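To begin, one chain is listed below as structure tokens, in the form predicted on its own.
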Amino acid sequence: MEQVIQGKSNENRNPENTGEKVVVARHVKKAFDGLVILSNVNFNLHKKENIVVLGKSGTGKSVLIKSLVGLVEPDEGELKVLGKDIFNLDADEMEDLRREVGYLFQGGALYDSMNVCKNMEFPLKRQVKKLSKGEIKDLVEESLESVGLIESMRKMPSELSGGMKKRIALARTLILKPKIMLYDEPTTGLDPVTSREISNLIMEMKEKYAISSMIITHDLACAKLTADRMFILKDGTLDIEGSYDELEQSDDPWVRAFFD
């Protein structure tokens, strides 16, 4: 068994990692009011790869993925997403990039005043390319079928369980056919059965649409099911890297604490 490798790339662990790099981060740094959150972040995300990031609360995991869509602006470093330099995009270019990067927020972020169908239609109507009513209907139905909730189209969010809301939110994010998905604690607050359903959906979407994903989670069952590679964010870096099994069997007490 390989040991946890610190400060060295393990990218070829996944056979698909020989392909295109959809995210390249080099020496990314971010501080808030003098408090360093990201001190030297380096990683690549490849096409059709799932990376899982573990870390203690408040260590900057959400800051990291928000930086990939310009919701947080790093102070230093190089950050390229789908070949585009995040630091040098204007507002219109950033908006175009965000259409290719889906972001599943912790709470799902459905609009309470809209039924499921209207929630699903919302991102489609904000596109530059105008779609016909028939095209919108087909996309909504396809996305809801992909998460097994076509029958919930006319329901309001208040009528949905936590797991159903999460699946609808995932379907709404996928409706724009993103090339990259960012998941911020996708199974938080869900029971084990529903958490496994969401984890399986993440894998199904990867295979069906060749999506690359970065998954922030504390849920080890989710991590084990979804990760091609895993990182642990510590002291603002992602130097601790390995497969799930490698990290779980690490001799490093700090690493093992995540699995005990």
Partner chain sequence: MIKLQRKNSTSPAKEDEVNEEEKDVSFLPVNVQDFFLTMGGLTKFTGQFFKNVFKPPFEFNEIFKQAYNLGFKSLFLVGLSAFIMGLVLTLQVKPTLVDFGAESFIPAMVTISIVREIGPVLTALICAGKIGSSIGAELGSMKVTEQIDAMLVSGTNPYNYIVVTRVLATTLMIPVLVMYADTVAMLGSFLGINLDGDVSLSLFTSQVLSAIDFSDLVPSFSKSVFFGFAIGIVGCYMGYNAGEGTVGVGKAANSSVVVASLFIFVIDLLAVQITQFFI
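On a predicted model such as this, the values are computed, not experimentally measured, just so you know. Residue numbers count along the first chain shown, from 1. Each form is matched to the other, and the largest set of C-alpha atoms that superpose within 1.5 Å is called the rigid core.
One more form of this protein should be noted, the form predicted in complex with the partner chain, which is absent from this view; the next part is about it.
Asks: Are any of the heavy atoms in residue 123 no more than 4.5 Å from a heavy atom of the partner chain in the predicted complex?
Replies: Residue 123: yes, in contact with the partner chain in the predicted complex.
Asks: Residue 168 near the partner chain in the predicted complex, any heavy atom under 4.5 Å?
Replies: Residue-level check for residue 168: no, no contact with the partner chain.
Asks: How about residue 48: is it within 4.5 Å of the partner chain in the predicted complex, going by heavy atoms?
Replies: No, residue 48 sits far enough from the partner chain in the predicted complex that none of its heavy atoms falls within 4.5 Å.
Asks: So, in the predicted complex, is residue 110 in contact with the partner chain at a 4.5 angstroms heavy atom limit?
Replies: Residue 110: yes, in contact with the partner chain in the predicted complex.
Asks: Which among 146-154, 132-140, 159-167, 172-180 is in contact with the partner chain in the predicted complex, heavy atoms within 4.5 angstroms?
Replies: Going through the listed ranges, the match is 172-180.
Asks: With the partner left out here, which residues of 20-56 have a non-hydrogen atom within 4.5 Å of the partner chain in the predicted complex?
Replies: 30, 32, 33, in sequence order.
Asks: Align on the rigid core first; then say whether the Cα of residue 156 has moved by at least 2 Å between this form and the one not shown.
Replies: Passes the 2 Å threshold, so yes.
Asks: Does residue 71 move appreciably between this form and the one not shown, meaning a CA displacement of 2 Å or more on the superposed rigid core?
Replies: Residue 71 C-alpha, core-superposed: shift of less than 2 Å.
Asks: Cα of residue 89 displaced 2 Å or more between this form and the one not shown, core superposed?
Replies: Shift at residue 89: below 2 Å after core fit.
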